[in-house]
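Here we start with a single chain on its own, the form predicted on its own, put down as structure tokens.
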């Protein structure tokens, strides 16, 4: 842990092009995504449409496709793309020395962040 940031583990635990989940006691499960561009993003693990598990979706570029009804969700800002409407809260994330950190107040307090603060490149 670094101050306000929670250390959730090494970047090597998430293969590029996939996601892993982080259960939050008393809160919403978080999905942490690792793109093929070696960027990392964190969102609540549910689609705004029917609450499908985004962590089980297909990651392409900086988008994840929900496994239930094929909604495309931006990993950068959590917004549904195309004709679909809705938004998934994003969680501030940073990578430092090969480890992934999430902003403690967003995880514990359930805070939502601005889109430009929710990604990090390794």
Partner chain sequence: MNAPMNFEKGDLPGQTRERLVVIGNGMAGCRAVEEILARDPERFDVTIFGAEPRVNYNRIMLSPVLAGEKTFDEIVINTQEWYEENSITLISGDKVDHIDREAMTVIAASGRVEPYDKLLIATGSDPFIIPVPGKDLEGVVTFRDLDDVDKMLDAAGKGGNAVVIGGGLLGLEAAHGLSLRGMKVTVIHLMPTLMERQLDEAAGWLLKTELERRGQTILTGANTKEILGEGGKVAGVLLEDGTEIPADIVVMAVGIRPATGLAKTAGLDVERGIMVDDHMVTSDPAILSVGECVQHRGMCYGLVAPLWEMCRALADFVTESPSGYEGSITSTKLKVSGIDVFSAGDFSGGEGCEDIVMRDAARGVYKRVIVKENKVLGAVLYGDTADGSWYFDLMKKGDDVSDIREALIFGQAFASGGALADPNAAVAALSDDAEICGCNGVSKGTVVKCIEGGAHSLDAVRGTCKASASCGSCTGLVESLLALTLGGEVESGPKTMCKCTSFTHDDVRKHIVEKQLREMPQIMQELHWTTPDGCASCRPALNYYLLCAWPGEYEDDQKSRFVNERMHANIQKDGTYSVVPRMWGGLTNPTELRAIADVVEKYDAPMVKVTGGQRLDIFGIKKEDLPAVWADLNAAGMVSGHAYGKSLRTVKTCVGSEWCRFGTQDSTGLGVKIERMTWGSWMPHKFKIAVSGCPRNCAEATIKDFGVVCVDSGYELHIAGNGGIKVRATDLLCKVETEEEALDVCAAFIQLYREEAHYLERTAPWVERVGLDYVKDKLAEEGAIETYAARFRYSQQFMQDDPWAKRAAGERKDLHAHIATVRPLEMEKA
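Positions refer to the first chain, counted from 1. These figures come from a predicted structure and were not determined experimentally.
A second form of this protein, the form predicted in complex with its partner chain, is not displayed here; the remarks below concern that form.
- At the 4.5 Å threshold, heavy atoms of residue 67 reach its partner chain in the model of the complex.
- Using a 4.5 angstroms limit between non-hydrogen atoms, residue 96 touches its partner chain in the model of the complex.
- Although the partner is absent here, residue 89 sits far enough away that none of its heavy atoms falls within 4.5 Å of its partner chain in the model of the complex.
- Not displayed here, its partner chain is kept clear of residue 103 by more than 4.5 Å at the level of heavy atoms in the model of the complex.
- In sequence order, 18, 20, 21, 22, 23, 24, 25, 26, 29, 32, 34, 36, 37, 38, 39 are the residues of 18-46 having a heavy atom within 4.5 Å of its partner chain in the model of the complex; the partner itself is omitted from this view.
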